[in-house]
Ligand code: ADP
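Only one chain is shown below, in structure tokens, and it's the form predicted on its own.
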């Protein structure tokens, strides 16, 4: 596969993250990555090489890059110059929801696209944009395999008890069950630790993927046992703008007593809740930590409390815990908040070494602690590239 490359796209509501990987034997190595953000409003493209040198930083007026198709056109134009003769042999896509049946990476065809569209209501913040990214890539690179990799796939190893709701069984048969999300991130962390420390990776891990979207996952022997997210990516701990777990009676009350319709409730729970809604200031932890508004402090306190509670619940699901791993934007960088989360978890053997935590070291627990506390950078795009390469190699053999 010399001279070949894999492109990975991660399409959000107003952005497209991209990463180009050189195919080197059986491996995919980063060549460059970047993001087109502010699509339709204040578009900005930034790209860096593998050494983090800025290759491009350009802005446009909103109408000039009005949608995902236009954004991908700009990205592809830049990649044509950057590939230096390399041929893109596949485009890998992050797709948030695969439903009960799409449980492994798949080459997208008409039937798969129809299924992805059917699942859009289960992930309204993400799935429509994931689909739009695939459609735009199909138009830009006709004939190049488009490979969908699902955030839900890693969690298909759950036991029935962990996946079901306390509803009549016909609802489970119709796909109303707990799916779990951020699976590509968790799979990357599990794979990374399996290379670094196989004995630890074979044990009991609680991984906290904390960012604008946040969840936690219980992993044993490299397999997902349970996750805080459920039927949709709205469940679990509070997030940047999402409420996280909420009594379903609250939703009924809002609709029946407060007169809110389904669309208004969806806007509230997905877009105007979480850290943003509680603080009335921002969804960004950095802004909240810098604020002297008491609402900011309360929002952070609630977030830490809920994450701490879920760590305990997932440790119970695992029958104990050998390591807690922080990842994603907040998990990798918010030192003070990591410390607050770990307060009171001594009964699980969890403690933080303040100096190590402040220095943002890969291990922030004290030496010899019974439960290790680690910080690891996640890389969903690298995981997608690996899946795409394996799937291509298998298809070429058959």
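Positions refer to the first chain, counted from 1. All figures in this text were calculated on a predicted structure; none of them were measured in a lab.
Omitted from view is the form predicted together with the ligand, to which the following refers.
*Asks:* Taking the ligand as it sits in the predicted complex, is residue 38 in contact with it (heavy atom to heavy atom, 4.5 Å or less)?
*Replies:* No, residue 38 stays farther than 4.5 Å from the ligand in the predicted complex.
*Asks:* Can you check whether residue 183 is within 4.5 Å of the ligand in the predicted complex, heavy atom basis?
*Replies:* So residue 183 does not count as contacting the ligand.
*Asks:* Look up in the predicted complex whether residue 349 has a non-hydrogen atom within 4.5 angstroms of the ligand, and give yes or no.
*Replies:* Close contact is absent here: in the predicted complex, residue 349 is far from the ligand, nothing within 4.5 Å, heavy atoms only.
*Asks:* Does the ligand get within 4.5 angstroms of any non-hydrogen atom of residue 333 in the predicted complex?
*Replies:* Yes, residue 333 is a contact residue.
*Asks:* So which of 127, 232, 283, 224 reaches within 4.5 angstroms of the ligand in the predicted complex, heavy atom to heavy atom?
*Replies:* Checking each option against the ligand in the predicted complex, the one that comes within 4.5 Å is 283.
*Asks:* Please tell me which of 196, 118, 293, 289 lies within 4.5 Å of the ligand in the predicted complex, judged by heavy atoms.
*Replies:* Answer to the contact question: 289.
*Asks:* Look at the stretches 349-357, 325-333, 41-49, 65-73 and give the one with heavy atoms within 4.5 Å of the ligand in the predicted complex.
*Replies:* Residues of 325-333 come within 4.5 Å of the partner.
*Asks:* Note that the ligand is not shown here; using its position in the predicted complex, name the residues of 198-231 with a heavy atom within 4.5 Å of it, in sequence order.
*Replies:* Residues within 4.5 Å: 211, 212, 213.
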